[in-house]
Each structure stands twice: as C-alpha cells, then as structure tokens.
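Taking the form predicted on its own, here's one chain by itself in structure tokens.
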Amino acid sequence: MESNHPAHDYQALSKLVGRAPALFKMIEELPAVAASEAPVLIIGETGTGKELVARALHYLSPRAESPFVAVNCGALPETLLEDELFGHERGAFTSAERRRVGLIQQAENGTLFLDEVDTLVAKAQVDLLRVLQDKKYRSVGSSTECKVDVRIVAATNVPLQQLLHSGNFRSDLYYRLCVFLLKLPPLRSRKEDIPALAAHFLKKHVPNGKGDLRLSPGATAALMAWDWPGNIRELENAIIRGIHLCRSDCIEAPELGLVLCGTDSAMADSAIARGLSFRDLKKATIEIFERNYLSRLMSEHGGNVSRAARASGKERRDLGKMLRKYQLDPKSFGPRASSLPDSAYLTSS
C-alpha cells in the first residue's frame, strides 16, 4: 500500500533502530498492520519500546493526522480509571462541577494506546470490551451512550495467557485485543543492534558545545557484555550517564555506570560469541570493578581517605591516585552523602 504521508512514515520508522532478525521481521510487518483498523496487542519486557511501536503504527496509518493518546493503566487508581477513560457529566458526583471529556473521546478518529492493559480491573475490562465490540461508551453520570471512532492499541509486559488461566483477565477481551500480536524482543537477544542504538542515543543526547563524543573499545565491550535487564531504556540511561560523566571526547566503561560481574561465565560466553577481544573485555571489567569498589569503600568510611586506605590495604597516595582516575571526590562521600544507598550514584531505569 502506497503511503499518503511520507513525512509521517519517516518519522515513525526512523526511531526504530536495529536490524536484528527478531526485530526486523516485526518492522517489515508494521505498514500492513497499520493499514488495518483492527486492534493490536504489543508484548514485551519493560523498556523494549512498546509505546514507540504504538506511535509508529499510528503515524503509518490513515489516522496519522488525528490524535495519538497514551495512557498507562497501571498508573491510575481504580477509582479514577473509568473517569479518565470515559469522562463524566456535570453533577455526576460531588466535585463534578463541569463536564469532562475522557481519553477515548480525546482520541476520536485517532489511536488510543493502553499501556499495562493487564492492570485493568474487571469493570474497566467490561467497558473496554464494549468499545471494541460496538464502538460505544457511556461517560460517568450519563444515561446515553456515545459513538466513538478510535483504534485501540494495547501493550503488556506480562504474559496475558497466565492471567487468563488465573481468571484475572477476560478471555473475550484478550481475543478482541489480539487481532494482531506484535512481540518485541529483549535487548539481550538482539545485541548486534547495541552499537547502532548507542550511536543513536549519543547523537540524541550530546548537548551543544560538547563536541563529537565516541565510545572507547572498553566501553563498547562493556555494553556488549551486559545483559540489559532494563532493555533499551537502560541502555539510553547508560549513554546519558557516559555523556555527562566523561572528561574527554571518549566515553570510558566506568562512566557508563554499569555493574558487571567479571566472573560471570555468561558474560564471557557473550563476549566470545560476539568477537570481542580479551584485552578490551578485561580492561572494561577491571575498570568497572575498580570504580564500584572505590565508591562503596569511600561510602563505608564517610569519605575519609586514610581510613579507606587502611581498610583496603593500599597506600594513601595510591588510593588518592585511583580516586582521581575515576573522578571520585572524597567530599561527596561525607556524612550527608554516606546516608544514601551504596548504588545511589547509579541512575535507575
């Protein structure tokens, strides 16, 4: 099908970075799925880019000129969910001083993206099923039903089949949502895409005036060896840390803030399988261990270099050199800083 919105097509697909077979097959299917009006269910671990795929579906579809409305179902308390989705009429409850338009109506002629759809309570599941079956909904406090023209794209990071078996998710809603099923692979199964993703995030986040930054071989080895439990979101966070912590035009492995286990056989297997040199991987692992060890050591001793040196069995001067190497200021580990968790310097994803 020839697109009438080439600018939208480019915007949608340019953000889907990667050529791993598991991802590329899904990207190839997106234009055909987008051309349909049928609901879509996107499954993938946290941080794999489910909303990005939902936006791509919207901008590749005939609905591209209409709104894309996203809602995280898990972030809304049960008492507010129905009001958020369907709106309310004036006087529907004590504080309803005026009519409120719900998210479904805001997405009219466009796409409604329901993230964490597995968290919907039973009442909301029934209401959503009505929208999917009959294109109708009833706002809170209204006695009449409204017609709506909206495409539903839902996402979850848990296997809905488990919820079906436990009775926590309606089977009829599941089969209504799952006309098209898109599965996003975790980053650990598409590590060949990591260099391209890292380059993408470098370009995206390097501030003006910072110059052209690059990753050292050790940093690249560290990225390839890590298993990425937080997936692409975690990788982006690591690149952001590296950009702001590096003191030259080359980001080193410790500046990424990853916690690697140098004795993990899985890490060694990954490095060998991907052709990383022993030297680069060893350097990255040692640097990350040293930085993490020093951070915890200084936290334990409240920033006192003399006490930390005695505890570590190193000369005070040698310990000072290592702290300077990793830009670790003893003052930042003083009494106030030492009350923070040991891993507080890491950005959680």
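Note that residue numbering begins at 1 and tracks the sequence as displayed. Every value quoted in this text rests on a predicted model; they were computed, and no experiment measured them.
As for the form predicted in complex with a small molecule, it is not shown, yet the points below apply to it.
For the marked spot (15, 46 and 233), a heavy atom within 4.5 Å of the small molecule in the model of the complex is present in each of the three residues. A single residue from the set 228, 86, 201, 169 has any heavy atom within 4.5 angstroms of the small molecule in the model of the complex; that residue is 201. Screening 250, 163, 197, 129 for any heavy atom within 4.5 Å of the small molecule in the model of the complex leaves a single hit, 197. The shortest heavy atom separation between residue 63 and the small molecule in the model of the complex exceeds 4.5 Å. Although the partner is absent here, residue 118 sits far enough away that none of its heavy atoms falls within 4.5 Å of the small molecule in the model of the complex. Remark: residue 50 counts among the residues lining the small molecule in the model of the complex, judged by a heavy atom distance of 4.5 Å or less. In the model of the complex, at least one heavy atom of residue 157 sits within 4.5 Å of the small molecule. The stretch among 118 to 126, 145 to 153, 207 to 215, 233 to 241 whose residues place heavy atoms within 4.5 Å of the small molecule in the model of the complex is 233 to 241.
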